Ligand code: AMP
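The chain that follows stands alone, in the form predicted alone, written as structure tokens.
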Amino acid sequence: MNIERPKTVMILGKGGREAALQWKLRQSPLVGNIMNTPSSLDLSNTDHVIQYAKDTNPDMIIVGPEELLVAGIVDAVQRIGIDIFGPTRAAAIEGSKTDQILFMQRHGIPHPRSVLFDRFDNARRFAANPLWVDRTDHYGLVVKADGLCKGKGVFVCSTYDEANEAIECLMVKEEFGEAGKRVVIQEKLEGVEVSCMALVDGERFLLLPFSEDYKQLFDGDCGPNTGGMGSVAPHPFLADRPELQDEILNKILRPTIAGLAHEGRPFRGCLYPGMMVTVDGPKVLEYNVRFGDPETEAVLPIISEDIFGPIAAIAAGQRLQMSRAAWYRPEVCVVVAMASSGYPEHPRGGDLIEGLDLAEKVYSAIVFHAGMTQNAANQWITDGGRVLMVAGRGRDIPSARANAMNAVGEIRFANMQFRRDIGLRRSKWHSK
């Protein structure tokens, strides 16, 4: 895209993902001023966001949170004549697991066997005897809220009691509100989880490095699902498997882009299918329609090219010159999320954060601010679930991981939570 002058860019969102986007765009000569989202702006109120955009009139807006995209923020901003990066409401299929599954069925995109339920008794009855589980096999299924739950409405169940509890949590107790009134029950897949992000113009794409996400709260992939406790890029399992990378593009990414275009809802923005690579090949676990978090924090630090040009072109409704992979450095980035006490169910705020300067200066880590703010004394305090994303880079995973963990060791706040195994090989696919 030919840009005549540096652009003023507004980034909507207040987490580590948005901090990583700001960090990357500040390196671009095509970007002038970057507007942060003020703490006073209620992102859940689309009307307020639109009014803020009208009042500030940036050249372009990049949307971080999926809630805004699903609510139709792109459609509304386009109507007031401002370029915006993200899919329209019709293309934002992250908003409904049902929509995703029916879409994949129509277009032959591989995914887990799934059944949809809007009645508690039917869901519970099915969970007692899932059709695809042979009686000689170990019990295992996944219960998902149909709507958006910020990565927390997914329950991986190893027993019927766990499944029944998950269904009751969603459909009876309504702990996730409207999002859980309909549920999806899926077979539990075994394999390697892969995050794939691509900047898409409706037809062509710029593929970002594949990455690995760590969803569970505790070491060894134990505990409740979270928004993500860490990430590694490029994905170690795919690094020397170009044929598998091609299979992901040909069986999942390209058919998804073509399918949405065929249905009259072309996708423009960051398309991010989360998938499991199984013995039968890659299968989509779910679609996301925005930059991943914490994947973005691991991917952007290793990309060597200026990605603002493609982002700006897509936001302006223009086409990329070709589909290709982004250029990235021959290094690895390991990201460790530092979460507050009580995360993910009841995160606590107000705890003093110390050691940030040492983490960045001594170990050359990149510390992306997420759920934190400043108090009256201008001290940093916790103000959310995932407080910090600490990124360490190195020539290989051990060196990148050491830089990240050493930086984490310099940071202190009360009852902080973080995983110590980010970047270590997972035993279930260690020898594969």
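Only a predicted model underlies this, so the values are computations on that prediction, with no experimental measurement involved. In case it trips you up, residue 1 is the first one in the sequence shown, and so on.
Note that the form predicted in complex with the named molecule isn't included here; everything after this is about it.
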Can you work out whether K251 and the named molecule are in contact in the model of the complex, taking contact to mean some heavy atom pair no more than 4.5 Å apart?
no
Within 4.5 Å, heavy atoms only: does H235 come near the named molecule in the model of the complex?
no
In the model of the complex, does T256 come within 4.5 Å of the named molecule, counting heavy atoms only?
no
Any chance L285 has a heavy atom within 4.5 Å of the named molecule in the model of the complex?
yes
Answer key, the named molecule contact in the model of the complex at 4.5 Å (heavy atoms) among C169, L189, A71, I109: the residue is L189
Exactly one of V156, A316, I303, L207 comes within 4.5 Å of the named molecule in the model of the complex through a heavy atom, and that residue is V156
Could you tell me which stretch in 259-267, 181-189, 330-338, 305-313 has residues with non-hydrogen atoms within 4.5 Å of the named molecule in the model of the complex?
181-189
Listed by sequence position, which residues of 307-343 have a non-hydrogen atom within 4.5 angstroms of the named molecule in the model of the complex?
none
